[in-house]
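Before any questions on how it binds or moves, here is one chain, the form predicted alone, in structure tokens.
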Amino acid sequence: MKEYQTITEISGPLVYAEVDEAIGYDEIVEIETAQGETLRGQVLESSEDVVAIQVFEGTSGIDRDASVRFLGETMKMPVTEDLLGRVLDGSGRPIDDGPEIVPEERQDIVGAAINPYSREYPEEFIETGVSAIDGMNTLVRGQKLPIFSSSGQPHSELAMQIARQASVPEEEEGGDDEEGSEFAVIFGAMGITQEEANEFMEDFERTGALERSVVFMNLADDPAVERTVTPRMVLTTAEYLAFEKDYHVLVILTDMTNYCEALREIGAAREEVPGRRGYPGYMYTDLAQLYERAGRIKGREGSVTQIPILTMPGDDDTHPIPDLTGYITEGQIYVDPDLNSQGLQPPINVLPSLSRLMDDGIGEGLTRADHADVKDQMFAAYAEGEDLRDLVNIVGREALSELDNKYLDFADAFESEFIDQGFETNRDIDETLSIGWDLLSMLPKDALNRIDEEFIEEHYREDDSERKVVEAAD
């Protein structure tokens, strides 16, 4: 291990040093300042005589007298089952005043893509306890389903609700899950404020969710460069628990916008030619390297499921971050500012939301057979009610037919009874679908043209139809 005192330039989070040997890409570096402080970094670019190093703790205090040591290995995450219940910083060091972590092994944080031949198709239900997700945009094991939000929306509250409520229901008789498969949550926060961090930790501790979770915290005043490492630390831990310890792991990453801003900051420091809106041209590839680490592997009991959360700048879903995320992932959940202003909790707009793998994870086994039909009918009825709301603003309700007025009542009741459940309410799938049938019973039977007659005969509430209409009108 050689030591150099050949720093030639410091630019933002980057340090450039001259070398006389081949230095590997992503190699870990230690920089010792003149004041005796040791900082960690990673090789970002390497040529025959100069390397660019991104410094995780920031370049403050580094000058040309600092010493640079190349450790000859890439960054690794110390992994063990004992990480459950621990709180770590963005680069994987404990910050919860607990004991030192004694790892079972140390794994490269870059990870490896799952061979497509070895992938198991995701088709098993994860219950979040949130009706707008479970009933209308179901999450399945091994899926990557992002939440699209915007500044000022309660996506943090939704993330906490999912983290404490999410579970894999027990397989029904004939299922192929082995007994003892456990559920874990890996929560990665990037660029959040200290206030948000305190809220997250209070909620984790109050509800006991921390016992089955590993929390990584990168705060807003932590170096931006560390944010490029945090999601890789999170996913390496998730892969270890899933594929070596047979856990069903749910990974929640918030906020991916802060991660992408860190990429842009590093790209600017390297004087790279920018892509759309100043973001690096390789951002699609970079995000894909993270998102594609979700999945299941044939012959393994465990799974990695991802819920990345991102705040869309200006609530614009054509912005590069949500746009590229949408290309890579299997759908999206929209947190809607208008529904939030009406006080709905959580303010999820189900109409533009989508779970592309939902149809493979519902209808049999862990969900009721009528799930798919109920979902389709509620989508259609709510969309009809939304369209009629625009028409009412022009012609008034009196000009509408009796059926049209029932669709309007349905849309109001759908928001107030199905969507607006609160951040503390945990509904199982049976309760969610029962509420769905209560709402659909507001409509006449002949309007339920997306539901099998067998299910209508079994679940339609004849006596509830008129009562629901009256309640909605009141």
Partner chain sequence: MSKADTTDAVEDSGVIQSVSGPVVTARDLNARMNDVVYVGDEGLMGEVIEIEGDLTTVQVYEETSGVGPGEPVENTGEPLSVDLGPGMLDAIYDGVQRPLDVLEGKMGSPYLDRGVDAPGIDLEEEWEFEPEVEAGDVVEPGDIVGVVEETVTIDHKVMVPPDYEGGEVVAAESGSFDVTETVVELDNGEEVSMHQEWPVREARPANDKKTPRTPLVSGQRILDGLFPIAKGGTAAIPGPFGSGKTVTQHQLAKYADADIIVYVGCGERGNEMTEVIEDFPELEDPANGNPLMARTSLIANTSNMPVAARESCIYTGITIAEYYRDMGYDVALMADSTSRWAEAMREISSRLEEMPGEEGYPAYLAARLAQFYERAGYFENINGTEGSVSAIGAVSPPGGDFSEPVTQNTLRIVKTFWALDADLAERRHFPSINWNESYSLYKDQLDPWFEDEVADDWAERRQWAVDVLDEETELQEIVQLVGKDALPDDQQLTLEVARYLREAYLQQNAFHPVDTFCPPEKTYLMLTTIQTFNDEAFDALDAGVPVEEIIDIESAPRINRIGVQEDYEEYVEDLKSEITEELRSLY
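Positions refer to the first chain, counted from 1. Fair warning: this is a prediction, and the values are worked out from it, not measured in the lab. Between two forms, the rigid core is the largest collection of C-alphas that superpose within 1.5 Å.
If you look for the form predicted in complex with the partner chain, you will not find it shown, but the lines that follow are about it.
K.L.:
Looking at 282 to 290, 206 to 214, 156 to 164, 224 to 232, which stretch has residues with any non-hydrogen atom within 4.5 Å of the partner chain in the predicted complex?
P.N.:
Careful reading of the contacts points to 282 to 290.
K.L.:
Could you work out which of I95, A268, L391, A369 is the residue within 4.5 angstroms of the partner chain in the predicted complex, going by heavy atoms?
P.N.:
Comparing distances to the partner chain in the predicted complex, the residue within 4.5 Å is L391.
K.L.:
Tell me, out of V185, V350, L339, V87, which residue has a non-hydrogen atom within 4.5 angstroms of the partner chain in the predicted complex.
P.N.:
Checked against the cut-off, the match is V350.
K.L.:
Indicate whether D360 is a 4.5 Å heavy atom neighbour of the partner chain in the predicted complex.
P.N.:
It does: once the partner chain is placed as it appears in the predicted complex, D360 has a heavy atom within 4.5 Å of it.
K.L.:
Going by a heavy atom distance of 4.5 Å, is A112 a contact of the partner chain in the predicted complex?
P.N.:
Residue-level check for A112: yes, a contact with the partner chain.
K.L.:
Is S131 one of the residues lying within 4.5 Å of the partner chain in the predicted complex, judged by heavy atom distances?
P.N.:
Outside the cut-off, so no.
K.L.:
Taking heavy atoms and a 4.5 Å cut-off, does E330 contact the partner chain in the predicted complex?
P.N.:
So E330 counts as contacting the partner chain.
K.L.:
Which residues from 299 to 327 come close to the partner chain in the predicted complex, meaning a heavy atom within 4.5 Å?
P.N.:
Counting only heavy atoms within 4.5 Å of the partner chain in the predicted complex, the contacting residues of 299 to 327 are R300, D317, T318, P322, D323, G326, Y327.
K.L.:
For I28, does the CA position differ by 2 Å or more between this form and the one not shown when the superposition is done on the rigid core?
P.N.:
No, because once the rigid core is superposed, the C-alpha of I28 moves less than 2 Å between this form and the one not shown.
K.L.:
Following rigid core alignment, is the displacement of the I451 C-alpha between this form and the one not shown equal to or greater than 2 angstroms?
P.N.:
Yes, I451 moves 2 Å or more.
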